[in-house]
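We begin with a single chain expressed as structure tokens, specifically the form predicted on its own.
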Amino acid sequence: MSERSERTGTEPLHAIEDGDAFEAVSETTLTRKERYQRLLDRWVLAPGRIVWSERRARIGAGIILLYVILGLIGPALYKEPRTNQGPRSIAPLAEGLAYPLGTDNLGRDILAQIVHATPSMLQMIAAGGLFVTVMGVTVGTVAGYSGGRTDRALSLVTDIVMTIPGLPLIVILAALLEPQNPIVTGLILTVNVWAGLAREIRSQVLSISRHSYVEASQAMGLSTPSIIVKDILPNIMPYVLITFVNAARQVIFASVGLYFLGVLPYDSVVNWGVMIDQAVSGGAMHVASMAHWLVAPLATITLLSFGLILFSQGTDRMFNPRVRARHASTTGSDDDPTGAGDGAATTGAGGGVR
């Protein structure tokens, strides 16, 4: 019998030392392998099962994975675009699979341009989306939970950033810095987008921090970072994910638009916006036989945006603790609301251990 069970079974309640009422003593000891297995199941396998069970998330994840694979290994496997690479302005599949999407007015393979433009676009999306999400969530959560002077100071900074017009600021920064690195470009395109997210996160945290379970955690003496991570962030994660997707889509559209307008330098850059600019200036809007030159980058942008939207809509259930607990099957999980993960076996309909 464990020390805890002996004490609680024989000693009176007043004999328990102060603070012991809040002790959490495990009756089982997990090996290192089991702990790693639990972490893998909780943070990788269970979310994967949830995403796979939702059709929209499954389709969106497939589209995003396609672009990631295209950006990672596509440039190494497919030829690099160059002038006079093939016949000029030929239609898709006009010469079989040699030029699947045709060529432009300079004889460059359109599919090659799309493939070699994907890595830089993915870097821009990741940099911009992560910057907006990390800044917005950090500032909004700290301001909403801390209150007082910290809240007033962070809210003042947020309000100042929100009053700065976004497009003129981006144009000025792009003209001054002339970024060639796609990560820097992604940061410039979202330089003040985080402020709106921070205000919205702050309002949600103010509401959540008044809930009874947050007050209980405070009464138990848990640290502020622990309360934020365990009690507050799980409740705002669906909104945070949607915001990340919106920021990613904004990076796509802003970069394409600014490359199209010539605001961002592209002397040696292959980008979907550059392709649209060259297609429009090359007459693809007025010549039917060259329409594929304009349609290809537009379809690429639309499909990626569609995949991001589907994925964000389908992953709302991934942050529901009860749903996560139902999909966690290898070992017990702290998210399990029934307590079955604490070492108790669950019996199936036939009476066997499941």
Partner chain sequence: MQRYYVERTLQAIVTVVSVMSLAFFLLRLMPGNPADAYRAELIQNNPQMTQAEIDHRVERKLNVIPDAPLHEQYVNYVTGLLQGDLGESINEGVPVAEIIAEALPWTIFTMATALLLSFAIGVSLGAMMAYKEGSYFDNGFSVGSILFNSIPNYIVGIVLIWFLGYRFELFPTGGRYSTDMEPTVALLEPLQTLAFLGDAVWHAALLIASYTVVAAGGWALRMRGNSIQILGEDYLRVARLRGLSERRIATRYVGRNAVLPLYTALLIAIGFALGGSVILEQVFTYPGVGYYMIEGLEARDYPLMMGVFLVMTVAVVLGVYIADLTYGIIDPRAQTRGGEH
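Numbering follows the first chain given and starts at 1. Keep in mind it's a predicted model, so treat the numbers as computed, not measured.
Missing here is the form predicted in complex with its partner chain; even so, the following discussion is about that form.
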Counting only non-hydrogen atoms, the one stretch of 122-130, 181-189, 258-266, 212-220 within 4.5 angstroms of its partner chain in the model of the complex is 258-266
Looking at its partner chain in the model of the complex, do all three of Thr163, Leu176 and Val295 come within 4.5 Å of it through at least one heavy atom? yes
Tyr239 within 4.5 Å of its partner chain in the model of the complex, heavy atoms: no
Taking heavy atoms and a 4.5 Å cut-off, does Leu233 contact its partner chain in the model of the complex? no
So in the model of the complex, does any heavy atom of Trp52 sit within 4.5 Å of its partner chain? no
4.5 angstroms heavy atom contact with its partner chain in the model of the complex for Gln313: yes
Answer key: of Ala46, Ile301, Leu70, Ala61, within 4.5 Å of its partner chain in the model of the complex (heavy atoms) is Ile301
Answer key: of Leu197, Ile276, Val270, Ile228, within 4.5 Å of its partner chain in the model of the complex (heavy atoms) is Ile276
